[in-house]
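Below sits a lone chain in structure tokens, taken as the form predicted on its own.
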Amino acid sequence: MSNRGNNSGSGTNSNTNSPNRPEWLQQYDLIGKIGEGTYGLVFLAKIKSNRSKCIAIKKFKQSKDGDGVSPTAIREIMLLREISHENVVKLVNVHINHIDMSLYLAFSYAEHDLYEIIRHHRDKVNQAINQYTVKSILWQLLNGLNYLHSNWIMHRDLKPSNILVMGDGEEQGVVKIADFGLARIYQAPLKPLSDNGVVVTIWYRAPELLLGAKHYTSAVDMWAVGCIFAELLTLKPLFQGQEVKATPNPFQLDQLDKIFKVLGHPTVDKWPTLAHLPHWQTDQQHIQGHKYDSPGLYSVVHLSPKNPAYDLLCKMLEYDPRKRITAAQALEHEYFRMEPLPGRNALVPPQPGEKIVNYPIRPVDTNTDFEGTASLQPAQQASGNQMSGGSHVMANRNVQRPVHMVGGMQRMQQQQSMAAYNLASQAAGMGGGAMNPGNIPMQQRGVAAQPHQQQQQQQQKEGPNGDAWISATEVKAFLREYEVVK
């Protein structure tokens, strides 16, 4: 496996040692930028007190006038502080730069993600990912997702670049679900979720979302997992549609066309609620009458229809979300009981003599300072949210049992007067619902507090996806309340 130390080059960025830097920043040596997204930049750093430990620090963009933070940051903080699982990223620290009131989230660093692993096999070595690695990655992904769904959390943005894999160390080969910027808590009774805007990157977006469903469930995550599974098998996206970005309309004709060409035309007989989906009802693009001669999914993914892997994939890509397999059900599928059995280290096959693939570590742009404003040369491409969680031992191969949301979430219910959190809840869409994934009592479901009238009046600025910006003052008060400011 690759050596973590290769990231650092010949030295470290001296920006973190400046006496003008905030006190919290003095504990890190900055290596460089490793990612950039809609909501900010991600940097690689080392902890000075433990030079062997790498940290990924995500800096969130501010509002245009410099006095606000996107609710995306609050979503990540609130959710990641309440959950703990080996296959989910772990939030290590939260920092505020009091000079410009910018917000930083620190995570343990992962050397790899599925996007880069797939690309390496497709473009560099031109060979398929071995069966053991595919099965181990998929089992760990489902294990983490089952934990999230059991705790009433939908991720809503699963894609290869958000699925990380640890490199060298005691967690080598452990998969981590990352980037919770679009994640949300859901519970019964059902409430419309369409007001949250478009979710899930288009190639991994479930058909019910594309057809304008106002209510949807955690089944949208399972569709995305099916797309990822197929991509691990074939090394290319299964449904690679062209997105039309000129409109907020969720209907994407080309993406639906790509899906129908592989899976066949959906019918009301097999998907009864199809008739009630807005864009199927209006049929402005005449999709109802279009006929598709499907070649069959098995011919696209090169699997026999009798192969258990094919059966599992079909159940993940079921049109009707009510019939789509759940994460808990998938973990018990026959596919995972066949040789080779999945393991905790997805990168190293347990059988001696099998070839080990040395995946390249993520490129680092060492010419960008910590403020992200002084890039002296174009950053090398890095995929998505480059972060990973900490170590929590997974109990052999048993399915993770539901764990009720406790601690901070219960405190939130009792502190409805705290303006910062209530505003964050409203902006981040922490209410709403879907069907109960387990027998969890209503009082234990982490129902978010309702916003106050005066807080509604404060939502005047908008973030990257239309969310209202939360003022820096409110964010600071909120974080101090929950003792996460350092």
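For every residue, the number given is its place in the sequence shown, counted from 1. Model, not experiment: these values are computed from the prediction.
What comes next is about the form predicted together with a small molecule, which does not appear here.
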Which pick from 157, 365, 86, 208 sits with a heavy atom within 4.5 Å of the small molecule in the model of the complex?
157
In this chain shown alone, the residue from 326, 143, 108, 255 with a heavy atom within 4.5 Å of the small molecule in the model of the complex is 108
Non-hydrogen atom contact residue 133 with the small molecule in the model of the complex at 4.5 angstroms
no
Can you tell me whether residue 29 touches the small molecule? I mean in the model of the complex, with a 4.5 angstroms heavy atom cut-off.
no
Can any non-hydrogen atom of residue 179 be found within 4.5 angstroms of the small molecule in the model of the complex?
yes
Residue 161 versus the small molecule, in the model of the complex: is there a non-hydrogen atom within 4.5 Å?
yes
Given a 4.5 Å cut-off on heavy atoms, tell me which of 304 to 312, 109 to 117, 261 to 269, 328 to 336 is the interface stretch with the small molecule in the model of the complex.
109 to 117
